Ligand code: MEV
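Only one chain is shown below, in structure tokens, and it's the form predicted alone.
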């Protein structure tokens, strides 16, 4: 194919034409990238300017979870997800817990972090002597940048020297704490850090003929353990009825606790356990235009904070009260980024009644806990595949290009039968042979 220069200068049609000439994608499939364009020119421009080398929009289903009660407030929660049964699982758990008082959630702090990473070839003892003298200069250098944020009781809340010279020669960090209000704040944080770095590099106290600052990088950290939300459900053990008729309340509670304890002991189970939490969290983050990669990376690091990767939830059964709790760092925003420009994100925010960042953290956490509760409740009773594969049946029928008659016959047959791709395929083929 060879190296191409200037691809980013092509318009969308030129890019699609290039792909058609240099790939095995059929022309009809190339044209399908036009099928999902926004209905008007202004909306389409928003999408086309959102990323580089844009060729089209990639539709993903959006559904809603109903009956979600968080701190006595009822929500309809939009989920963007491609995975069968995620919305159904969250909805089932939301209704189940709505009948038992709903979800509770709280956010204590919303502190975010960033670091200036630098080398300084002087005496470390001298660095520690100098730093209190230069700390104010570093903060003052950002005042113009932080003015509006400080008016909203945000801005830089802390600045600390981290000495790493025992681990890497001449290496230090300046660890900076931020409050960014309802913005996720990535651009604000990085701009402040770069200003601090420039100031640091030009300070007479650190730069001379003998010693000098060398900036390595200035960047926010997606590890935000001080931007954390706690969410829980609880009820008397005797009220754990209705999920499955074959388990008593006591056995359901004890098996549920044991399954969560296993996720805190075994990494193989812990990873899948936490993925189940992110089935709900990611669906909310995608719907609200938030960064799901950053939150996942942070949560997985947080799950390893004790030196071993563990599940993010805990079960306690005290005085016959069952309590299931999730504690997770989530740095989210409801302003900035694409939240103000993506047409569907704006609609999602309206459905959620325009939450601030703190409330959105609670909504996302409750969604994650709901999905996780459903998954575990199914695992310890009927197993997860029966419900999941029945939801997946429509996907299999779409893959097989089933007719309306074939769909009706298949759905009727599999009401009480186990669903798998091979069994559905054989059933459809048999219909076609005998028709």
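Positions refer to the first chain, counted from 1. Just so you know, these numbers come straight off a predicted model, no measurement behind them.
Keep in mind the form predicted together with the ligand is missing from the figure; the text below concerns it.
In the model of the complex, the ligand lies within 4.5 Å of some heavy atom of residue 276. Using a 4.5 angstroms threshold between heavy atoms, residue 83 counts as touching the ligand in the model of the complex. In the model of the complex, residue 46 stays away from the ligand, with no heavy atom inside 4.5 Å.
Put simply, residue 65 is far from the ligand in the model of the complex: not one heavy atom of it is within 4.5 Å.
Contact annotation: the ligand lies within 4.5 Å of heavy atoms from the stretch 268-276 in the model of the complex, the single such stretch among 187-195, 123-131, 344-352, 268-276. When you look in the model of the complex, the only residue of 379, 393, 55, 37 with a non-hydrogen atom within 4.5 Å of the ligand is 379.
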